[in-house]
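One chain is shown next in structure tokens, namely the form predicted alone.
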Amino acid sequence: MSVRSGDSWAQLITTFRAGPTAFLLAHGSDDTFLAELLQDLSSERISEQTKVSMLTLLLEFPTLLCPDPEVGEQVAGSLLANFAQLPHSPKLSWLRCHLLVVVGTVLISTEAFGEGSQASRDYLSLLLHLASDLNDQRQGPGDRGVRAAACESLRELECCYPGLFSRRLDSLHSMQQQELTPVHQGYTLLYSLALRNAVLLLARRGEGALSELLAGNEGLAWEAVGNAGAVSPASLDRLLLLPTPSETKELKSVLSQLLDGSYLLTPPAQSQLLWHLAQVVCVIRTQSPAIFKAQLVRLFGTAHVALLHASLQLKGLFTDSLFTAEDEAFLLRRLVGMAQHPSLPSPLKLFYLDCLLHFPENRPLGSGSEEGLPVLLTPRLASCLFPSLFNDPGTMLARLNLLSLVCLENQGPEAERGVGYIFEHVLALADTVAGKGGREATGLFFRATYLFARYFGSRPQLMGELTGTLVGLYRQRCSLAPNLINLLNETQLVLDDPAWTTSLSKALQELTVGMPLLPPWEQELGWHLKLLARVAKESGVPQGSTLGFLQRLVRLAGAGQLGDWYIGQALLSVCRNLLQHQPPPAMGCQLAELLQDVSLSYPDVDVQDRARFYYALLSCLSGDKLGAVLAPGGRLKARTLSSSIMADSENFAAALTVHPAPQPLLLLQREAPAKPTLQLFCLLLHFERSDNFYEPVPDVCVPCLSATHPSPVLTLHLQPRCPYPTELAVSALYTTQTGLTYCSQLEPLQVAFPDIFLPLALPVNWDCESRRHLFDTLWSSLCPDGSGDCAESLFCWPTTQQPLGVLVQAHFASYLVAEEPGTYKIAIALPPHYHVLLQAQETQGAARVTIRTDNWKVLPHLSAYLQKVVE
């Protein structure tokens, strides 16, 4: 296998990323591509940049390229060998770092990591060896990046398998203390994670000493690989550890040392370290959270989002045992200030607003999982967060949501002024939409309207004014109908009192039915009918004016001025909702007359048929049954129907439905027809191939299966593309005496290798000499020459096990071409165009069959068949 060039690999990588699965199918085999990739990684002709790009394929698609643990371990071993061959050069440091990360990714993703894996043990030994080079004593500063990658890889293993290094805490702590280079951060995070996992596991087990855990240096806890989910931060409140005073003092020394040096880490690393140590203190109840008090001064004085998040994590975990009321007030003011800081980007402002909605209070009133406001967040404090038209949509909606909650949960003149300001802001957004605002402005207004209705829907004066604004907008732009429908649907879900949705629906109905009907109809009439279909679902809105509007449309259709299929379907959608949601006594006669007019005068035949169906439902069913029939997914049992017409309709629907059979009632047998025990009609057998070795098998139809007649014998005509055995999945579709149609999955039909045997088509008047000459000629023509598909094989067995003559007469009599004393010459044709020749002889108590064929791929199947018949 030749080595590809760098340009060739760059093109291959691009093609692979575009469609990995399609690429592997077109490439022939994922094993071939993987072997080629591993081989070229050790080539000196390819640059390091290209090799790194090749390794990223294993990083991004590890399970696709390594589908099972065995392949994953082999790939990891190959990459480790490649790593060992690379010299310690600063130029190759980047490649060596990627190799370390890729090996860990492959082992973890393919679930090949474990004590029984040699590659896993070698990988861990290599990582620990690299990490032990403290302060660049052995390899120098040029190898510092590799040591950092080794620390990160060790931390990844500890994260995936919590407790793996729980027996090496002392050595990890020693390395963390001695390391003085910038890689010190990696050692610190590795040790803090291992310490957190070890303490949580110790508390979960409920046995063991903390001092022994901190001083452990005896190896690796491989059992952690099988218990990857044993440690969960969500279960902190259920874990408890009460060490002795001396153990607590030793742990406090460790925690203090880590906290004192935390300022040397980057802000994200500090946040992670504080969270690990906070979980340790939360479990060990003898250690006071006051150990973090000195860190709060530094955390309160920084503007980095990761450190502020760390402060909130500590507050949520320890509440008033660590934070005073003054600390809580200061942190809250800090969040409010950061949420409206002009120099911060919008994503950070949204994060601070979300922190306000989930602020961890010292004395929380709720569970904290849902949105809620802290008690100290007053309208005066939140006044700087009122939105403006210059905010981006996300920030504006988040501020509206927060300020609405503030004004809702507080009372007084300040809260009332806040509600007024919010309402004025919503009206200003409506003016933007009225001024030909685009799609973004329209969506922003309706989202803001939803928020206002959600929180202040019980204020009739404001909601009445908002209703007028919405009606005015629809008068100007009928294309807002989908937005209004969505607003009605969503507000109805969150409002306890449906008064506002009812009043808005009624106002929109009055506007719609009062509009003049002027051509072209399609521009506005479709929106009107969609809106009326939604209004028809409101039980508190009288629908007489809607029916009058629909009558006007039907008269226009009868006059030839209207008759579009889409308009007709929209009109009938309104009728359907009226049938389903409005009581029939209120508008039954008027709706029946409307449906009858549509069925007689509307130009479109499909609309007429649907109108007749609705008319039949209205005429034959009561209100509750009508609603059940028309409900989405609604089903009605026959015993609930008092009308014989509907009973027949249900039976007719059941007869048109294909039901799954409760159990298979049929069995296909080879040439052994059995007497059926039931009567079936119109039996259709459908065959599905499990591979592409055969042409599609046509369906077989049996008119009737009766208990008074034997089962018919069916003949399947198979057309092989390749002469191999296969399996056909069989399903049956049939009708029973009850008139119902069932579908059943039968046992699969096995097509064995001898099922496709055919004798040679020889003239019946040929003598033995001619047949022998033909066989010898064919035998010579199938002699393998190394270039084609011809092959020769040998099969032997002792004649005491199965005499040769008996075997030939029992299994190959139809294919016998010539016979000589002690020798049988057998020729078998394999569709579509292959042959198998057998020359069987008896020699010294053993039977020997020499095989020649023009398709070497059939030899395993033939050998298995011969072995079966001999046994």
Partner chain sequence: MRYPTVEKRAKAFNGASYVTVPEDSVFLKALLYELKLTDPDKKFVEYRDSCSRINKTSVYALPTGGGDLWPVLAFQKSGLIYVCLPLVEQSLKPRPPLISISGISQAFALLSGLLVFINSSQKNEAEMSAKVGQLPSLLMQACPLGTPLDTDLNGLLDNIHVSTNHMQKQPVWRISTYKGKPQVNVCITEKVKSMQYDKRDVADMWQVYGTVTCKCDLEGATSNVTVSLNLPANGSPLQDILVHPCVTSLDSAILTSCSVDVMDDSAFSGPYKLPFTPPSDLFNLCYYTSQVPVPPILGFYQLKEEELQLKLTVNLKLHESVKNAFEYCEARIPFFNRGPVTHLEYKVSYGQLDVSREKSLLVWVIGQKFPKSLEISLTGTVTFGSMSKEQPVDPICSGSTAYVKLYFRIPDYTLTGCYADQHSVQVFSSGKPKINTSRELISSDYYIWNSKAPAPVVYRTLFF
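Residue numbers count along the first chain shown, from 1. Every value quoted in this text rests on a predicted model; they were computed, and no experiment measured them.
This next part talks about the form predicted together with its partner chain, which is not shown.
Not displayed here, its partner chain is approached by Arg144 to within 4.5 Å at the level of heavy atoms in the predicted bound form. Its partner chain in the predicted bound form comes within 4.5 Å of a heavy atom belonging to Gln272. Heavy atoms of Pro268 reach within 4.5 Å of its partner chain in the predicted bound form, making it an interface residue. Taking the partner from elsewhere, Gly116 is found to have every heavy atom lying beyond 4.5 Å of its partner chain in the predicted bound form.
In plain terms, the part of the chain that comes close to its partner chain in the predicted bound form, with a heavy atom within 4.5 Å, is 221-229 out of 221-229, 280-288, 508-516, 598-606. Of the candidates Pro347, Pro798, Pro763, Gly206, Pro347 is the one whose heavy atoms come within 4.5 Å of its partner chain in the predicted bound form; the others do not. Of the residues Phe681, Phe613, Phe300, Tyr566, just one reaches its partner chain in the predicted bound form with a heavy atom at 4.5 Å or closer; this is Phe300. The candidate spot formed by Glu152, Glu156 and Leu397 is fully in contact with its partner chain in the predicted bound form: every one of the three has a heavy atom within 4.5 Å. Looking at 323-354, the residues that come within 4.5 Å of its partner chain in the predicted bound form, counting any heavy atom, are Phe330, Arg333, Arg334, Val336, Gly337, Met338, Gln340, His341, Pro342, Ser343, Leu344, Pro347, Leu348, Leu350, Phe351, Asp354.
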